[in-house]
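We begin with a single chain expressed as structure tokens, specifically the form predicted alone.
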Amino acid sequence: MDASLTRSIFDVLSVTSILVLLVMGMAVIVGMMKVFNLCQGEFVLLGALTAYLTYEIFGSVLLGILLAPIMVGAFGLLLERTVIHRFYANPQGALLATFAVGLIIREGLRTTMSTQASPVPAPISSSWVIFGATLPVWRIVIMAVTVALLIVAAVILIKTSVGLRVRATLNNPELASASGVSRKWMYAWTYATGSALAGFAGAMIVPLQTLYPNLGFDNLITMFIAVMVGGLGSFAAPVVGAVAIAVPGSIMSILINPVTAQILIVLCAIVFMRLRPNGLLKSGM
């Protein structure tokens, strides 16, 4: 296989896996809970910040990657119990509340950072030569981790009693409550899980993008487009949406100007959502 073709295929798979990793947390909160969370990008930012601070203090990015989902998940749980749970019946209020939280986090970080971009080294800086192409190992690790997380999430949601209770609560909260499931804490822990996944994604990608205040916000629009293209009401739909926009987008970025490619993908997504407003997949897993 030609080295340039190998590199192109790798770039497509890498971009797709990164977007899927970013979307997984949103798939839980927006896709399953149908809570339009405009601070989802800031959860990614907080995960990246955790990795950066852990590296600065302890000299270990891997420790930061382990701490990021714990710290961001705890913040998400606190946010859900103090703010988000008040807006489950008021989507417009949730939009405003989460936008305000995201703005506070983003601008607060902007005023405290000494520079506009703070680099974080990849935990694994080596490369592999495959079919003549030099491929960064950390990107390969992200691909493998993304696939593993998807498998684990699918098994938990489909095969375990916890997944059954989560799906029952989100699909029919009244019936779930009548069956003895605590709606309050099921929503809270589901929101915390989505936050933790976003934080983990931020810690994983920050070595590739560096830390800057708009890191999460810059990814937010693409994440939301993936959710809307895939559909609401399930975990799988936003993930499918992420693949549906990442693969053609990354291929087009190789063939034409990347900015033009992004514009075309957004336009195509808008047309698609006009023709199929419910997304690619119906509500399900």
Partner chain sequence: MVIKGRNAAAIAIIVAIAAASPFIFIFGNDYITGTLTRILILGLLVLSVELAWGQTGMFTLGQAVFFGVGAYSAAVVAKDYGITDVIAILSVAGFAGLIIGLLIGAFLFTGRRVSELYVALFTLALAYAAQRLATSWSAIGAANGIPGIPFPTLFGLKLDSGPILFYLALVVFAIFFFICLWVVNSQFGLTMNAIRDDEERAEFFGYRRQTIQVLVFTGTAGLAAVGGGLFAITEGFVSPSLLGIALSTSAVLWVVLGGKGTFLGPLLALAILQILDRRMQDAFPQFWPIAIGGLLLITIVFLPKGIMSIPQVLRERKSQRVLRHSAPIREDIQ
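Quantities reported herein were computed from a predicted structural model and do not represent experimental measurements. Residue numbers count along the first chain shown, from 1.
Below: the form predicted in complex with the partner chain, not depicted.
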Listed residue that, although the partner chain is not shown, lies within 4.5 Å of it in the model of the complex (heavy atoms), from V259, L255, L62, I57 | V259
Heavy atom within 4.5 Å of the partner chain in the model of the complex, from candidates A236, A244, I225, M33, belongs to I225
Okay, which stretch from 169 to 177, 150 to 158, 183 to 191, 102 to 110 lines the partner chain in the model of the complex, with non-hydrogen atoms inside 4.5 Å?
-> 102 to 110
Could you tell me if M143 has a non-hydrogen atom within 4.5 Å of the partner chain in the model of the complex?
-> no
Could you tell me if P119 has a non-hydrogen atom within 4.5 Å of the partner chain in the model of the complex?
-> no
Please check if L13 has a heavy atom lying within 4.5 Å of any heavy atom of the partner chain in the model of the complex.
-> no
Proximity of F87 to the partner chain in the model of the complex, heavy atoms at 4.5 Å = yes
Decide if the three candidate residues L5, I9 and P123 all line the partner chain in the model of the complex, where lining means a heavy atom within 4.5 Å.
-> no
Out of 142 to 179, which residues reach within 4.5 Å of the partner chain in the model of the complex, heavy atoms considered?
-> none
